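To begin, one chain is listed below as structure tokens, in the form predicted alone.
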């Protein structure tokens, strides 16, 4: 028996389109191995929302977006409706996949959509960090009160299972310290600068490769890393943290000469997220940090991300991954969705 999951896909950028790519090639595998079929009954982008109870074919939808066709030109377009409005109008779906752009001011349009879904008992999987950073306790409460699933492993380092390890694999542990490189764009730029490129040229190279946004401020000013640290703190460090609790410094003040000076000492400079025990809580920070070249995080190069977790029961654990495109983040959303419905 195959269980059909009526799915709303909010956000058809790189991650959303990659999710559709996965469905194109893996639907048979998902049905055979997990007994699940994802039917995309709603899609949304910045132009609006479209609904088709019969389902949008993943490949055709992806190709339309890649050819510049906005959602407002798809069959089933709902004029003037936001994703939150669609859910409030009793859109028949079982799962919301939220992959719209991060908005740290209002969280919209993702936050309203997530709230409404959870209030209706509809499960949510997020790649968008904004709703969690702005309203983590509220969203967890809504999920609990309404019997809805809420999963978001894709929000912290894409496919790297940081959230899963912290919640599933560190049972009864006290985490003394945690450090990580959570932003691959900044890590790439720092590597280019260490090789002698000025910051502006290193950033331009990252943008040329399509791996840095036109507005890269979330990455290079440290806020993307801080977002992920806040999610970790709320998820498995046991503290209710917001961005205001994180001391944040980005990489824009560094020069290539700074990184080359560190190299001459056998050191490297990385943008490090850190959570260190401080009384009953943690001191949270994001800052460029000089590391000995032999340290684990010092050896996370280019587009790699990594994390080290030190606890009383499980010792020291080290993880890293390399993601050169958005597909692994989309796969993390699929991982969450399958785990919610298995």
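Predicted model only: the values in this text are computed from it and were never measured. Positions refer to the first chain, counted from 1.
The same protein also has a form predicted in complex with another copy of the chain, omitted here; what follows describes it.
K.L.:
Can you confirm whether 294, 321 and 335, the three residues that make up this candidate site, all sit within 4.5 Å of another copy of the chain in the predicted bound form, judged by heavy atoms?
P.N.:
The answer is yes: all three residues contact the partner (heavy atom, 4.5 Å cut-off).
K.L.:
Only one of 158-166, 239-247, 95-103, 261-269 gets a heavy atom within 4.5 Å of another copy of the chain in the predicted bound form; which is it?
P.N.:
Correct option: 158-166.
K.L.:
I'd like to check something about residue 204: if you look in the predicted bound form, is any of its heavy atoms closer than or equal to 4.5 Å to a heavy atom of another copy of the chain?
P.N.:
It does not: once another copy of the chain is placed as it appears in the predicted bound form, residue 204 has no heavy atom within 4.5 Å of it.
K.L.:
Look up in the predicted bound form whether residue 15 has a non-hydrogen atom within 4.5 angstroms of another copy of the chain, and give yes or no.
P.N.:
Taking the distances in the predicted bound form, the answer for residue 15 is no, it never comes within 4.5 Å of another copy of the chain.
K.L.:
Can you check whether residue 313 is within 4.5 Å of another copy of the chain in the predicted bound form, heavy atom basis?
P.N.:
Because a heavy atom of residue 313 falls inside 4.5 Å of another copy of the chain in the predicted bound form, the answer is yes.
K.L.:
Counting only non-hydrogen atoms and a 4.5 angstroms cut-off, does residue 215 reach another copy of the chain in the predicted bound form?
P.N.:
Looking in the predicted bound form, residue contacts with another copy of the chain do not include residue 215, since no heavy atom lies within 4.5 Å.
K.L.:
Give me the residue from 50, 40, 30, 64 that has a heavy atom within 4.5 Å of another copy of the chain in the predicted bound form.
P.N.:
Only one listed residue qualifies here, and that residue is 30.
K.L.:
Just one of 200, 75, 172, 255 has a heavy atom within 4.5 angstroms of another copy of the chain in the predicted bound form, so which one?
P.N.:
Looking at 200, 75, 172, 255 one by one, just 172 meets the 4.5 Å heavy-atom criterion.
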